[in-house]
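Here you get one chain, nothing else, as C-alpha cells; it is the form predicted on its own.
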Amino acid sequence: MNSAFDQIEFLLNDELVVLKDVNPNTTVLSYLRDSAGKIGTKEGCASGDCGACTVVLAEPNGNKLRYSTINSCIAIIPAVNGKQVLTIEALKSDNRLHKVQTAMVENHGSQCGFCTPGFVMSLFALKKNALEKSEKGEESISANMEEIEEALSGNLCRCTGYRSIVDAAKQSLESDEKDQFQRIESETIQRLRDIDGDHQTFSPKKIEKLADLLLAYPKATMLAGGTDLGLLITQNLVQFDVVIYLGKVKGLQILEVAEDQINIGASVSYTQSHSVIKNEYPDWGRMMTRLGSLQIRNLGTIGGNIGNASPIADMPPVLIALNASITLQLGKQEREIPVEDYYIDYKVTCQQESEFIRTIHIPRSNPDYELKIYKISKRFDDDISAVLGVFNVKLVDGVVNDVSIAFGGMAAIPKRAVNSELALKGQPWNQETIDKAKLALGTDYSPLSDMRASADYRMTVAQNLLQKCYLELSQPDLNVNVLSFEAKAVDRDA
C-alpha cells in the first residue's frame, strides 16, 4: 500500500495551503524548507532537542487564538491539519520588525544567528500567551523567570549565552501594543473554522468515524502528538503506509474533573492537562515540567505516552501507582482496564488490532495518601528518565495502611513493586521496615544496563528513592534538596 493521507488543509502564515495525496511521513520542517521556501526555520538536531526548528501553531480557543510552540523537525504534516503554522517570516510587518525581534537585536541576543529564529518564535508565543492573560484580567502583561525559563527550555544556543536572550524576553513583555496578528485575529479564527475536515478521511472529527477507519485500515498508524513518531521517521527512516490523525476527534479531547475521577481524552496534550493535574497532584505537576521541552509538551499526549509502551515513559508508573484505568474502543465496543494490565512485555500491550485508547481515568486525590514522584535523569530538564519512582502511601498511626509503588526504567514494562509493597503493608513506618522493602525491590525487578544507566545503578537508585520517600514522609520539615539530589544522580560508568 502506498503511503496515504488524502487531504490536509492549514494556514501557513496568512496563506491557505491545501495538500492532496501528501505523504504523511513528511515532517513540517521538510515541507517548510523544501516545498514552501520558508528557510528561516532551521534544522539543528532532527530529534526535537535543540529548538532551532521551532514554529508556532495557532488554534481557535473560544473567541481567541491559542498559540503554542512545536518542534517542526519531528512534527509530521498531518499534525497541522486545520491549524495555522506561523514561521519567522511572518513576524515582520510593514517593513518593521516584531517587538520580540527588536528586543533580541537591542539586547544582543544573537551571534551566529542559526538558533535565533527558534528563540524568537518561542519568545513570540510567550508574549502572545502573556497578552491573553492580561486581556482576561488575570495579570498584567509580564512573565516571571520561571515562565521565561520554561518558554526557552527547549531552545539551545552555543555561542550567545542566555542572559541576553532572557533580557530580550523581559523587554518584549514590556509593551502591550497590538501586533498584526491581533488586528486580524477574528478573521484568522473564521478562516480556520471554515476549513471543513469532514471529507478528510484520515483526519476524522467524530469518534465513530475514527473507529470505522481503524476497522477499514487495521494496520494504520495513529498520530496524536507524534513526538516519538517523528523520531522514527527522522532518525530511523521508518515510513508509515497509512496515518490517521487523532487531533481533531472531539471525543478524544475531553478534560473533565468529575466527582471521583479525572477523565482525560487520549489526544489531550501535556500542556492542556497540566493545570488540572498539578492542582490535584502537585508532585505529578512538577514532574510533568521535566517531561521534554515546552515544545514537546505542547504536542505530546498522555494517551500517546501510554500507547507507546516504552519502559522509560514517565506517565505509566504514575498512573499505575494511582490505580488509574483506560477505556479502549474497538468498533462500537468499549472496555475499561487498569493501566497496569495494559502492558504485557517490551513494547507489547493488550491493545487489539483496530482498537484505540479513548480515555484515561485518574482517581481524584485522597488526603489520606501522600504521593511522591522522583525522576532520575542525567540532565535535570528536557531529558529521558533513567529511573522514575512513584510512591503512593497511606499511613495510619505510624503504620503502613496502604501503599502502591511503581517504577519506570526497571523492567521491560512499567511495573509495580509488588513484593516491596507486601513488605510494607501492615508494618510500622520505620527504618527496619524500609530496609526490608528495599531488599524486596531486588525480587521485584531485574533491570538492564544501557546507555542511560547500569543495572546496578538502577537498583541502587530505586532503593535510595524508597529511602528518600521514607525520610520526607517521616520528617516533613527535613530539607531534602530535591533538585541537587536528582540532578547529581548520574551513573558515571553507564
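In this text, all values refer to a predicted model and were calculated from it rather than measured experimentally. Counting begins at 1, following the sequence as shown.
This next part talks about the form predicted together with a small molecule, which is not shown.
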Query raised in the report: Any idea which of 122-130, 306-314, 278-286, 170-178 reaches within 4.5 Å of the small molecule in the predicted complex, heavy atoms considered?
Result: 306-314
Query raised in the report: Closest heavy atom of Leu291 to the small molecule in the predicted complex, within 4.5 Å or not?
Result: yes
**Report entry** Contact test in the predicted complex: Gln182 vs the small molecule, heavy atoms, 4.5 Å
**Finding:** no
Query raised in the report: Would Ile296 count as a contact of the small molecule in the predicted complex, using a 4.5 angstroms cut-off between non-hydrogen atoms?
Result: yes
**Report entry** Contact label in the predicted complex: Ser454 to the small molecule, heavy atom within 4.5 Å
**Finding:** no
**Report entry** Selected contact from Asn323, Asn401, Gln351, Thr188, since only one has a non-hydrogen atom within 4.5 angstroms of the small molecule in the predicted complex
**Finding:** Gln351
Query raised in the report: Of these, Val257, Ile344, Leu395, Leu231, which has a heavy atom no more than 4.5 Å from the small molecule in the predicted complex?
Result: Leu231
